[in-house]
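Single chain ahead, by itself, as structure tokens, in the form predicted alone.
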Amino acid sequence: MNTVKKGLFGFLKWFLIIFFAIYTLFPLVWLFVTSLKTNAEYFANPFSIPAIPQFQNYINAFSQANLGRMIFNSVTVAFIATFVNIMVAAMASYALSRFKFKGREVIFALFSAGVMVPLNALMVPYFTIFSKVGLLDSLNSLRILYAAIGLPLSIFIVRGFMDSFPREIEEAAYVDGCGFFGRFFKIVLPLTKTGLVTAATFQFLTCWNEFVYANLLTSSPETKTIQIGIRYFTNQFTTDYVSMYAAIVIAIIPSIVGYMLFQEQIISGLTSGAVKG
């Protein structure tokens, strides 16, 4: 009887694993295959294999929508916003973890509550603020906004690592004559890099994939990001679907590569936070 149960359990386990793997990977595979078709092939049968792979669609994606400039904009926005976000989150997390002051947990609770606030609900206030300070249609508005809206999640992740960081290491460095900034930048940050990488990865992916505020705060072609570029293949009368799908493939490659490069740090960071935080 136990052998039968183990067999059924094993079958069910692998069935669910294979099912969810296909469920997850099929849209990506279909997207890539479709990006190599002609529009005629796509309309004739969306699930067919292209007769001749049309790599020209990727060239069209760059030439029609100026994706090169938009990719550059997205890269600069994502890297700068992520760097600012992580540095501010690290300093705030260190203060909330190490210093005891009245209202410390209230401040942390307010930051944590920010994770649950729907960002689309703040479109009007953000638009008004950036309009008043003259930063509309500027990449700086996206850099500032992305760095700010990612702080709740980054602080929530990084503080767990700061709490688990042994105070004795800092005390030993203090005895050896290391100043406050030396302890923070040379000891605390390097030894909590797992949490920082975890938070930075989530922040970078958020910046790269964000569409709503990029569309709200920018208008000229010089300030558009890659996610906005996907819209350039649709006009009032026609839609170049296959070139648009090629642009989507180009847009999701950095997310996939980034996760592949840092998946070990992300997984270990999340599991460590779950155990220690």
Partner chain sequence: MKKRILAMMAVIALGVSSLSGCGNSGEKEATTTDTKEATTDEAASTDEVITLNFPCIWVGTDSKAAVFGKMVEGFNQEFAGKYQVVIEEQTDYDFYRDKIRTSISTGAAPDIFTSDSMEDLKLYAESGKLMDLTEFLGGDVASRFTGTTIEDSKINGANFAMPYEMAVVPIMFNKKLLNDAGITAIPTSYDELWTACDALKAKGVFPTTQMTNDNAWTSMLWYSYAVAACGGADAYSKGLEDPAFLQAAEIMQKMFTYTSSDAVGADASVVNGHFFNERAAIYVNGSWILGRIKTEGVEGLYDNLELSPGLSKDGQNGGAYVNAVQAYFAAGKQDDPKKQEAVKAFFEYITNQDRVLELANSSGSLFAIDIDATKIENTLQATIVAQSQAAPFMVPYFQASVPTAVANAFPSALEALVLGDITPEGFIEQLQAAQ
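None of these values were measured; they are calculated from a predicted model. Just so we're on the same page, rigid core means the largest C-alpha set that superposes within 1.5 Å between forms. Residue numbers count along the first chain shown, from 1.
Keep in mind that the form predicted together with the partner chain is missing from the display, and what follows is about it.
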{"property": "Interface stretch in the predicted bound form with the partner chain - options 144 to 152, 108 to 116, 126 to 134, 94 to 102, non-hydrogen atom within 4.5 Å", "result": "126 to 134"}
{"property": "Sole residue of 52, 59, 29, 212 within 4.5 Å of the partner chain in the predicted bound form, by heavy atom", "result": "212"}
{"property": "Residue 180 within 4.5 Å of the partner chain in the predicted bound form, heavy atoms", "result": "no"}
{"property": "Heavy atom of residue 224 within 4.5 Å of the partner chain in the predicted bound form", "result": "yes"}
{"property": "The partner chain contact at residue 261 in the predicted bound form, heavy atom, 4.5 Å", "result": "yes"}
{"property": "Partner proximity in the predicted bound form: residue 63 to the partner chain, non-hydrogen atom cutoff 4.5 Å", "result": "no"}
{"property": "Any residue of 24 to 43 that, in the predicted bound form, places a heavy atom within 4.5 Å of the partner chain", "result": "39, 40, 42, 43"}
{"property": "Core superposition between this form and the one not shown, C-alpha change of residue 46 at least 2 Å", "result": "yes"}
